[in-house]
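In structure tokens, the next block holds one chain alone, the form predicted on its own.
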Amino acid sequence: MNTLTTVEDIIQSPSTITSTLSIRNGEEVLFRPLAKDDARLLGEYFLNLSFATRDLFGPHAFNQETADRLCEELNPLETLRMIGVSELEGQPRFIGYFLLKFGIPVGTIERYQGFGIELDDAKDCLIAPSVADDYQNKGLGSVLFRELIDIARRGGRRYVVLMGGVRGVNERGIHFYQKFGFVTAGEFENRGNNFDMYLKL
């Protein structure tokens, strides 16, 4: 594996963050950066997610219009959008969509300051994972999440922070993040009780 020290290095060398990974059932999944011509498949992914899955993911809406806009306005130096692709049935299908946002919004920095944690916009990043409903609890999320954390580490990040935190009712999600070493910084209110969680790399 190449050792990359800046986000620019990573973005300019997409092959170094593209990998073929195996999940629990032996299926191989391609994990790669989102491309401009992925709008149709990304839209299908968004529209096929259940309400429950959509409700736990907050960075943006899940519709074709959003998919079109995201693919048209790709800016991986700001937000790296990674997709898991299955070809199990002979046609490519998106089964996972993960965000790695380089930098931290002012509101998140201020909220963490209230918890006694100093985040740095130049050194830290946000992360947001989502997985197709029929691939949940099959090990896909863990495999892709681990890969994304490694990209953040290779990009010289210091803290990986959950984008928008995790809802208090999402016990499965909280356990998932704890499994990777995420710890709770504190609580905040947004459509109910939420936990800010982060990982020190």
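What you see is a predicted model, and the numbers here were worked out from it, not measured in a lab. All residue numbers are counted from 1 along the displayed sequence.
What comes next is about the form predicted together with a small molecule, which is not displayed.
Although the partner is absent from this view, Gln136 contacts the small molecule in the predicted complex, with a non-hydrogen atom inside 4.5 angstroms. Taking the partner from the other structure, the small molecule in the predicted complex has no heavy atom within 4.5 Å of any heavy atom of Phe182. Taking non-hydrogen atoms only, Pro129 approaches the small molecule to within 4.5 angstroms in the predicted complex.
In the predicted complex, Arg172 approaches the small molecule with a heavy atom inside 4.5 Å. The chain is drawn here without the small molecule; in the predicted complex, the stretch among 152-160, 66-74, 32-40, 139-147 whose residues come within 4.5 Å of it by any heavy atom is 139-147.
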